[in-house]
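The chain below stands alone and is given in structure tokens; this is the form predicted alone.
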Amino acid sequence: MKIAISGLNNTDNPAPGIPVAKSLKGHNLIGLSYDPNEPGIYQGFFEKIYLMPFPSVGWEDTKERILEIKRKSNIEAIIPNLDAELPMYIKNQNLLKDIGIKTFLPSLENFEMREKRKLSEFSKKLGVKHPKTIEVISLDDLIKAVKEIGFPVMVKGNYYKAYIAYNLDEAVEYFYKISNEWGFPLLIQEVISGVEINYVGFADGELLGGVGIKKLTTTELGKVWSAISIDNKELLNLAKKFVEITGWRGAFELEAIVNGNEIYLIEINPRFPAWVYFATALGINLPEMMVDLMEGKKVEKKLNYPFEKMYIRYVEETVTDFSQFTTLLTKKEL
């Protein structure tokens, strides 16, 4: 199967595309990029790269580009890996199916149900706690929210970026930094101390595979830099309950913090995380599961994996001809 994959950024703030590609290296892969500077373009995983119009431009331009890529490279499936593009693909997954392109995505209702601004209410259905969170759309809202919650606070975008602010000056700085790039609403959230744990899963109405980790070190933006695989029954049960309540279809990641005996649910990401290759290396290849179901194959449930294995992300350099960059920039494909 020829599969198109988005999210090729591979810096210290990595997107999931390259780990997904590494998990699917037995397939013919096409890269979809929004920026010719994305390092994953030049790492040799893809037989061809196409530049895409930004999701903010709208579906019609994206659809025309996908049809063009379909004609040129005969792609049979797309795995979108970026939060900003997912609503567009989810809304149009039936149209993509009609033109011969498979996806494996949740419903729009489920996607919206787990949005950051709605997670407080959804957490009650899951039977877990959620940090106090206030939605803001103005500077006045921000000031009221931080007074109500008290410092430190997390300043978060609804799709991307999250920073911890220890005073009002920092909160205002991050308010503008995130809103100028990603718009509104923003979220002001209580900071919960404890151990950060995550679960990556794949489901088709039931949990088919997954791996739990404890974060050891992270980047400035909270991306996993090193972690260990863990055996946490509460986290596994939370993943199962999430899938059971929603009937979730596709990839997901639960981000949580353990404080004593309490689990606080922080985020639910509706896609593979950038550390998904850790699961693959532990014998739980979730992207391969997705592709198998796209192809109509039976998938064996895999929830058991080795514990206390360590994952370490590292920096690697690649040297390539500048002509590749200029060709991609001018011709929109490479």
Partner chain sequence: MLINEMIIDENGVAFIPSLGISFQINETAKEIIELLKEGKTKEEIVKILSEKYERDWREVYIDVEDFFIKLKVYGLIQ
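Residue numbers count along the first chain shown, from 1. Source: prediction; values computed, not measured.
Just so it is clear, the following notes concern the form predicted in complex with the partner chain, a form of the same protein that is not shown.
Asker: Which listed residue (142, 239, 230, 77) meets the criterion of a heavy atom within 4.5 Å of the partner chain in the predicted complex?
Answerer: The option sitting close enough to the partner is 230.
Asker: Which residue, 84, 108, 192, 216, has a heavy atom that falls within 4.5 Å of the partner chain in the predicted complex?
Answerer: If I apply the 4.5 Å criterion carefully, the residue I get is 216.
Asker: Does the 4.5 Å heavy atom contact test between residue 295 and the partner chain in the predicted complex come out positive?
Answerer: Result no; residue 295 lies far from the partner chain in the predicted complex.
Asker: Can you work out whether residue 197 and the partner chain are in contact in the predicted complex, taking contact to mean some heavy atom pair no more than 4.5 Å apart?
Answerer: Residue 197: yes, in contact with the partner chain in the predicted complex.
Asker: Please determine whether residue 307 contacts the partner chain in the predicted complex, using a 4.5 Å cut-off between heavy atoms.
Answerer: Residue 307: yes, in contact with the partner chain in the predicted complex.
Asker: With the cut-off set at 4.5 Å between non-hydrogen atoms, does residue 164 touch the partner chain in the predicted complex?
Answerer: Outside the cut-off, so no.
Asker: In the predicted complex, which of the stretches 177-185, 146-154, 231-239, 95-103 has residues with heavy atoms within 4.5 Å of the partner chain?
Answerer: Every other range fails; the passing one is 231-239.
Asker: For 241-276: residues with a non-hydrogen atom within 4.5 angstroms of the partner chain in the predicted complex?
Answerer: Stretch hits, in order: 258, 261.
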